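Here we start with a single chain on its own, the form predicted alone, put down as structure tokens.
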């Protein structure tokens, strides 16, 4: 498949889990990729794997998404390297599992900075070029917890993911006439580092509620991203797609 040949995609939080699967899916369809993460060793190893098999070019950089200047520098480098940005996938997120009494002001601010404010800075950075070209696909990875508060999710994580949904709908209204779509995905429980941080019994409770009776995979989310990022998905915007095995139906 080559649906994204000639296009450039940014994927944040791409060193592992959902972000890694999203990057691999877009690369398999021919996209040039700009990937970033704080885990530089994992990111570099993944970038080398992609470069060995993908037809597009790969740019990998360590970026601290809580720092606006690092985001700005990264986007500028991507534009200089590829001369275009067609797809932005805001995937990176952090999830310290602390009760409200244990959350410091600093931790609250960091979670909101990475999980929500970074979306603002990244979108603000890529939109001028997207508007000039009158084309763009922005996909924000939220969570079931952004809709229902979550079952194991911490307060700041749920608040940030709920904010992503409102952010998505508002931004979509602002840029729709420029040929840019903005959508969100709400994953359910995915077999990843995050689900590995809770007990097997807790994960089993999710499976028992699921219609398909399993945890999701990172590839399940990657396939949904590829749909929303596709040039033919031009009539889908301001939408939130549940990818959760049927645990939350709305």
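Residue numbers count along the first chain shown, from 1. Quantities reported herein were computed from a predicted structural model and do not represent experimental measurements.
There is also a form predicted together with a small molecule; it is not shown, and the following applies to it.
Visitor: Since the chain is shown here on its own, which stretch among 74-82, 173-181, 156-164, 126-134 would lie within 4.5 Å of the small molecule in the predicted bound form, judged by heavy atoms?
Guide: Every other range fails; the passing one is 156-164.
Visitor: May I ask you to state whether residue 192 is within 4.5 Å of the small molecule in the predicted bound form, using heavy atom distances?
Guide: Residue 192 belongs to the contact set for the small molecule.
Visitor: Residue 141 near the small molecule in the predicted bound form, any heavy atom under 4.5 Å?
Guide: The answer is yes: residue 141 has a heavy atom within 4.5 Å of the small molecule.
Visitor: Does any part of residue 16 reach within 4.5 Å of the small molecule in the predicted bound form? Heavy atoms only, please.
Guide: Residue 16: contacts the small molecule in the predicted bound form.
Visitor: When the contact criterion is heavy atoms within 4.5 Å, does residue 168 count as touching the small molecule in the predicted bound form?
Guide: Heavy-atom contact with the small molecule at 4.5 Å: absent for residue 168.
Visitor: Just one of 49, 202, 64, 219 has a heavy atom within 4.5 Å of the small molecule in the predicted bound form. Which one?
Guide: Of 49, 202, 64, 219, the residue with a heavy atom within 4.5 Å of the small molecule in the predicted bound form is 64.
Visitor: Taking 38, 94 and 187 as a possible spot, do all three reach the small molecule in the predicted bound form with a heavy atom inside 4.5 Å?
Guide: Checked in the predicted bound form: all three residues contact the small molecule.
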